[in-house]
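Below you'll find only one chain, the form predicted alone, shown as structure tokens.
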């Protein structure tokens, strides 16, 4: 079940679709995507497209730094960032080596941390018996936070004051960053001459699905479902990919024609074997958990007292995880250890 739809489904505000729609979903989508449109074992919506992370890197900057390809491990990411960062005569960074998500509010900070955490072998929340608990107060959580601190505080390959994210990439003010595929369409509009490539992350990425629901029954609802099904026809999904760069969820699409025009999409539609897609649990407090963690992380990323101090990092993660578990307990969703 899509996270933002959770509360509407729990409140009974979205009815089940016609049987023909359920059959359509079962026939054309794999279960990883279908689960995002389910509630209590029943299909309520149709997966349309998904956001998923991959590495964007400036190939000209990589060449100048003597880097002949994308980083393969999380240790490589920090090593590459040190080579890519550019500084003025006083040592102040002017071009970031790796534009990490350090600010901006909302759950996005926690989602980006979750992706890096996963590639260190961890996860943010784990399910046990249909309930959940925080799973990041451990060695993987420490390694992920240390990577932020190493880049921000220790090596200063990036600072909160620098331009960040897609804007920095399009302006040539960062060597690389992790983002969803929509950046490809944005670069085409704002920086068409930028030389760049994309690459899958070492182990996997957070996947956030966008699903379509119809909140009513009756004649008009059938018209809406007809639109949903039409939107998910292959030619329309390929148009969506080529013109917005959002990756369709429907399986069995032939991307070859689009990839000839936009090769940077390959890292998103042809992920290597074993590459894992994970998603935010479809539970109503998920957004609150992520937002509260994000507020803590935003302060931690620049906290010099945490840099090189494993005990302090562990204490930070323990306190944050306790808050996450407290939210889950309040909703009667906390799993036993």
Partner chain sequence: MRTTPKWLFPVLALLPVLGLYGCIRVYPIIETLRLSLFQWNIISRRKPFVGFANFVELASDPLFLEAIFNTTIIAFSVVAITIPVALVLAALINTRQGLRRSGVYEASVFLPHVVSLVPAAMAWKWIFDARLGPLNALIGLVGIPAQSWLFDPVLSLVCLIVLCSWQAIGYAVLIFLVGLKNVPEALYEAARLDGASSFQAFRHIAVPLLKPVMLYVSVITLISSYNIYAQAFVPASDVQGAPGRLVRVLVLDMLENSFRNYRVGYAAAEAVVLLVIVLILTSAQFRLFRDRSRA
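Numbering follows the first chain given and starts at 1. Everything quoted here is computed from the prediction, not taken from an experiment.
This protein has a second form, the form predicted together with its partner chain, left out of what is shown; the following refers to that one.
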Only one of 149, 207, 164, 199 gets a heavy atom within 4.5 Å of its partner chain in the predicted complex. Which one?
164
Answer key, its partner chain contact in the predicted complex at 4.5 Å (heavy atoms) among 295, 282, 306, 61: the residue is 295
Could you tell me if residue 19 has a non-hydrogen atom within 4.5 Å of its partner chain in the predicted complex?
no
So in the predicted complex, is its partner chain close enough to residue 120 to count as touching (4.5 Å, heavy atoms)?
no
Do residue 323 and its partner chain share at least one heavy atom pair within 4.5 Å in the predicted complex?
yes
Would residue 179 show up as a contact with its partner chain in the predicted complex if we use heavy atoms at 4.5 Å?
yes
Three-residue site 101, 287 and 331 fully in contact with its partner chain in the predicted complex at 4.5 Å by heavy atom:
yes
Look at the stretches 264-272, 30-38, 298-306, 46-54 and give the one with heavy atoms within 4.5 Å of its partner chain in the predicted complex.
298-306
Using a 4.5 Å cut-off on any heavy atom, which residues of 306-322 would contact its partner chain in the predicted complex?
none
